[in-house]
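Single chain ahead, written as structure tokens, the form predicted alone.
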Amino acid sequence: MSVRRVMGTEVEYGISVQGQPAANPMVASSQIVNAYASSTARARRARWDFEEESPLRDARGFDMARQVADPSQLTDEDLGLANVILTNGARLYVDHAHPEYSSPEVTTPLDVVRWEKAGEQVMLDASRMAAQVPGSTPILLYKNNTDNKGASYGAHENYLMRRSTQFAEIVRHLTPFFVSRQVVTGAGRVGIGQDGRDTSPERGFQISQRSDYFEVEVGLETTLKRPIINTRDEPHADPAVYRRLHVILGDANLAEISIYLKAGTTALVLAMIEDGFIDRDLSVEGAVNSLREVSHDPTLQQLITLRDGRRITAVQLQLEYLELARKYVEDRYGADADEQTVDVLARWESVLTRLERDPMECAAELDWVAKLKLLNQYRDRDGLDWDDAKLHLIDLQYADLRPDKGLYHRLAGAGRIRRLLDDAAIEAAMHDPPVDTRAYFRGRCLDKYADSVAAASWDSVIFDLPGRESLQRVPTIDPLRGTRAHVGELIDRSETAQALVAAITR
């Protein structure tokens, strides 16, 4: 494989009610999701089907007991919170105290960008719709990862992998990559520590919003004792064939190139792990501490100690993965490598080369560099120290989804941050599903047969049909079936859900 594989992202958004700092975030999040659901009849009826979910199954070969699990891990329980399935195949719901958008399954890094950016627009529209409810107070949404009061919320990635790949090999080769990946994918943050209170002159800014919240190298939890490698074994596909790697340490990116490289470089490393191509041990001594130390040094001079005794920077460690990836693609594909794989390799090399020379050269592509450049401009102009409250506000405003208020959007609008997609492509992805995964079937059914879809999940669509005593479940266990090529013509000619199900089950 190359950069192509089944992938997706889940982003929890920061939320606040304007002028009401004590407002209940679960209520506000429900208002956001319900406002969007009310905007379209297609979103009102279908519920999320939890039957096939197994969040306590561990890739190391056991199931965690429910009685010892933190309540936040019990994602297979229907708590009655707002939950909507969208016609683009995505899920929009309340995850504890945050509104969350889970993208549909896609197969390329560029499509990861497209449907994740579509999620930003869905959230923005939802906040506008919520503000139109009589008597409501504006609800503000932020694509970030921390409230700087000690709480962090996630931006998760999901990658389907071969079940035959030994999990120990995934841990061995992926941990060093994740420790160093933040130099490309970090969103940047004012303050050190979980509460962000350390803002001493030489330690006022760090590369990643998430790194300070990780405590162990490997584990099942996602909100407590967060691990660099998460072991949840919930493939949402045939478990004999696939495992789903659930990545929880990434930042919520706004810059399209940051998202693109996050998905593309990770997909390449996973391909090398699956094929047993990585021929060297890049293991890091004290991975958790190294993760934090790298984040705390935006000069990128912090040295990481490898188990073989070498001491190198995170950029140099990334360059080793890049070298391996270039050899891998040349060995497996040669001149037949697909366009996105070639592009990911070229952009990865370009970014790392410039980061090593001067990080500020990447201010038009990477979130953390763009944010640091902006903050330094304010610091230089107004003589601000890192502990000045204004800098924390600028940090937050970078992530504001409102195009007239959010500093990312203003930079992008001024051409100071490069983009990969135009607005029209992103707007279409708000409503249209990807054509090359099972999300196509899910989304088209929600669009065409809304009144007949009782429930859906990643691996099934459930119909409530007239004359049938029981609900009709159509499994979608294979993520690469249910595509436009497989079912597009069938859906086009089936005027009713009854006709569609009859044709499928014939």
Ligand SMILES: Nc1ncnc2c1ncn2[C@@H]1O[C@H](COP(=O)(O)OP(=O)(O)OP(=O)(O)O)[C@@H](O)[C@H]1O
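These numbers come from a predicted model, not from an experiment. The first residue of the shown sequence is 1; numbering continues from there.
Another form exists, predicted in complex with the named molecule; not displayed. Remarks below refer to it.
In this form the binding site remains open, since the named molecule, overlaid from its pose in the predicted complex, puts no atom within 2.4 angstroms of a backbone or C-beta atom.
Taken together, 102, 158 and 458 are fully in contact with the named molecule in the predicted complex: each brings a heavy atom within 4.5 Å. Of the candidate stretches 181 to 189, 150 to 158, 211 to 219, 332 to 340, only 150 to 158 has residues whose heavy atoms lie within 4.5 Å of the named molecule in the predicted complex. Using a 4.5 angstroms threshold between heavy atoms, residue 235 counts as touching the named molecule in the predicted complex. The named molecule in the predicted complex comes within 4.5 Å of no heavy atom belonging to residue 500. The named molecule is not drawn, but in the predicted complex it has no heavy atom within 4.5 Å of residue 365. Taking the partner from the other structure, the named molecule in the predicted complex has no heavy atom within 4.5 Å of any heavy atom of residue 296. This chain appears without its partner; in the predicted complex, the one residue of 142, 93, 386, 167 with a heavy atom within 4.5 Å of the named molecule is 93. Though the named molecule is absent from this view, in the predicted complex it lies within 4.5 Å of a heavy atom of just one residue from 347, 173, 244, 410, which is 244.
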